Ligand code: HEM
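A lone chain, given as structure tokens: the form predicted on its own.
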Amino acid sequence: MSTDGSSALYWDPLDPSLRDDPYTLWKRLRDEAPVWHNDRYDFWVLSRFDDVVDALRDHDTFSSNHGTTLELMSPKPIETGLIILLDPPKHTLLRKLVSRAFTGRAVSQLEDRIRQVAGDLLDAQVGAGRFDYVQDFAAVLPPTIIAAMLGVPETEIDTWRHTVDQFFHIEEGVGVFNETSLAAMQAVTGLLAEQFDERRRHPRDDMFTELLQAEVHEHGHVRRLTERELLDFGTLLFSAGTETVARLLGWAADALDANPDQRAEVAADPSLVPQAVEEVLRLEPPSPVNARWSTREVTLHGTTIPAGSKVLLLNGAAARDERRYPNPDQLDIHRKLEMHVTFGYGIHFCLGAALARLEGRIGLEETLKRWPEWTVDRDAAELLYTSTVRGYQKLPIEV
């Protein structure tokens, strides 16, 4: 299918050989087959910016209720309380319950606490000469903050974090649908059930208690969240509140080390940090692949996607579409970035985007205060992969 005589065009999110550097392949998809079909797993792929945005906007045609990761997709709608897997009206109903906790104004009140936690974690590494930027910092900061919001006891945060990490254990051919991942999900469900039971007996000023006491107005009746909805909400908030920022900060450390001139600019002028965070989010989305289910036949670029099809939206490919961004493979902290789709778009725009941006900004500010320069040991770095998540699991740096 290639136009330049190179190898046949093939992409598979479960194939480890295609994940280390997917961008060359994704460019070929954009250029040669903007609507491409994987015959082996029977899914379609959209890779251009405009097509991905249009699909994310059109939730009636591209449904989330059949799964948002390839290996978990089902022809039947999924019964769940996970709002990322829901369509309106239930999505709208449940999202309202927690949205006020993640508004820009509410999140801004966390700044002092985030800065304190970030500073303490980084101060512990001063003088070490070398540390794992992800495991010792980037993967610890966000769960510490979301745990406090939820009400997870501080002594249990590490247990929760390491258990959630196992959600993303991947095995060739089956992805995250494996015994290790499923056991981790079951373990977190047990931890959450204990917390909700404790709040029933002893309510507190935390999100666990708020979810228990929340009233849902549905079909003219008022009800509380079901046990399944409570557990799904808790799982989503803790896992999503951990992973995105851990990958963002890892990519930021990597990208700025690869572009030392731009790092020097940001270190000299902290007002550039928010812009740098947005550019890193565009360049290396922590979740570069999202799945949807077509509810009707759709024709794009002369190719028809049948109703009832699995459709993978390549946020990561859209982020480097030359049709949208000049010189898209290059980090540019001065880029006039009007928008990107790293946090999604439309009704499923990331609920925690404001929190992720704040944690990313503060994490980078506090890092640069202590070390205006660092060197990434790329030979010792390890990438985490699933069919929908990509980022550093380990990133040793020398400071």
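Start at 1 and count along the sequence shown; that's the residue number. The structure displayed is predicted, hence computed values, not measured ones.
What comes next is about the form predicted in complex with the ligand, which does not appear here.
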Item to complete: Examine residue 355 and determine whether its closest non-hydrogen atom to the ligand in the model of the complex is within 4.5 angstroms.
Response: yes
Discussion item. Is residue 195 part of the interface with the ligand in the model of the complex - any heavy atom within 4.5 Å?
Written reply: no
Worksheet item: Might residue 343 be said to contact the ligand in the model of the complex, defining contact as any heavy atom within 4.5 Å?
Response: yes
Discussion item. Just checking whether residue 117 would be counted as a contact of the ligand in the model of the complex - the rule being heavy atoms within 4.5 angstroms.
Written reply: no
Worksheet, complete the sentence: Answer among 290 to 298, 252 to 260, 186 to 194, 265 to 273 for heavy atoms within 4.5 Å of the ligand in the model of the complex: the stretch 290 to 298
Fill in: Joint contact, 97, 164 and 212 to the ligand in the model of the complex, by non-hydrogen atom at 4.5 Å
no
Discussion item. Give me the residue from 319, 83, 152, 305 that has a heavy atom within 4.5 Å of the ligand in the model of the complex.
Written reply: 83
Worksheet item: Considering the ligand in the model of the complex, which of 240, 225, 101, 73 comes within 4.5 Å of it through any heavy atom?
Response: 240
Response to the item:
Contact check, 299 to 316 vs the ligand in the model of the complex, heavy atom within 4.5 Å, ordered by sequence, gives 315
